[in-house]
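Just one chain is shown here, as structure tokens, and it is the form predicted alone.
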């Protein structure tokens, strides 16, 4: 897929509003047929990026290229994209059929073709029997599906979705995630989905674009972004993470000899650290191991500490451990049949380590607060 011409290419795109830069030098290729999610906190520029692709805003610098053509001076109705907004933006006085057919009528499509295309779109979103109803009589999930049908009936090259699930309750959001993934497979078109919810991003996407303060912080698969964050912002924004302070020593191949929490340790890293560099070792809660006693002949680094709190969650058992160094870490143990292992209590002395090679090592200076 990466060898094909991208369906959308953003070339050094920047956007400034009244002297404030909200997007900075964004470069991104979006491939045909993929489900790409733009993820980030409020105010990071993700909706502005979507509006630039849709043509509702123009870049201050750079260019938006769709299907090999520059979009300079091309209005929204001249682009092969359609947008589904957070509010759905349905016409309350129109029936479902008339809402879906509105764009086709504006484009002077023949009535016979309009009927066929609208009914096909409604079948695709599971609303064949709702064509005569008005939006106010539909549930939130049904209204969202009408908005999607209205967008796809125009046969766009790309479907843009601006936080379309945020107004739904949790159970319906889960259902709609599955339905959106199925729709994308059936339609075979590119979906670009904007959200601040990492669970949504990870559960639906082929790739995730993490944004921070108008810049692209990382692009990758959900697994890459979660397991190999490229900086502290991504590590902290995406899921829980534990941070261990350290000092780099010599590097041999892919092994970095270091001091971590004041103790000697061998780390897996291919970054070019120099002896004496301050480092941070990042580990997800589920990457950590906890034992009451250090296993015999185990050469891992085992850090002593005290359990200060435990939380039983059914499938997992979470523990907060205050290490003797003063650092507090969160450990997640997945439930198994070893009842003794799952029965840790607050106040117990334990030792904490991690699975070999699961650590991410970053420079100490690479520290951006969320």
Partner chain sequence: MSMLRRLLGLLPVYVFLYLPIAVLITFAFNDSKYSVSWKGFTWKWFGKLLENTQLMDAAVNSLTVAVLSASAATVLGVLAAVALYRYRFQGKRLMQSALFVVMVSPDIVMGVALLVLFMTLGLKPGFLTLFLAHTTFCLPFVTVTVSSRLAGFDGHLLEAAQDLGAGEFRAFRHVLLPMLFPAVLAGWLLSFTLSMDDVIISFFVTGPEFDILPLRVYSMVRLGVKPDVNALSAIMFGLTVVIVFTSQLLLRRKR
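This one's a predicted model, so the numbers in the text were calculated from it and none came from an experiment. Positions refer to the first chain, counted from 1.
As for the form predicted in complex with the partner chain, it is not shown, yet the points below apply to it.
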| task | Give a yes/no on whether residue 334 approaches the partner chain to within 4.5 Å in the predicted complex, heavy atoms considered. | result | no
| 4.5 Å heavy atom contact, residue 128 and the partner chain in the predicted complex | no
| request: Considering only heavy atoms, tell me if residue 85 and the partner chain come within 4.5 Å of each other in the predicted complex. | output: yes
| request: Indicate whether the partner chain has at least one heavy atom within 4.5 Å of a heavy atom of residue 223 in the predicted complex. | output: no
| remark: Among 76, 262, 295, 110, just one has a heavy atom within 4.5 Å of the partner chain in the predicted complex, namely 76
| Which residue, 232, 90, 279, 290, has a heavy atom that falls within 4.5 Å of the partner chain in the predicted complex? | 90
| Stretch in contact, per heavy atom within 4.5 angstroms of the partner chain in the predicted complex, of 110-118, 90-98, 248-256, 198-206 | 90-98
| field | Heavy atom of each of 170, 173 and 237 within 4.5 Å of the partner chain in the predicted complex | value | no
| query | Hey, which residues along 92-106 are within 4.5 angstroms of the partner chain in the predicted complex, non-hydrogen atoms only? | reply | 92, 93, 94, 102, 103, 105, 106
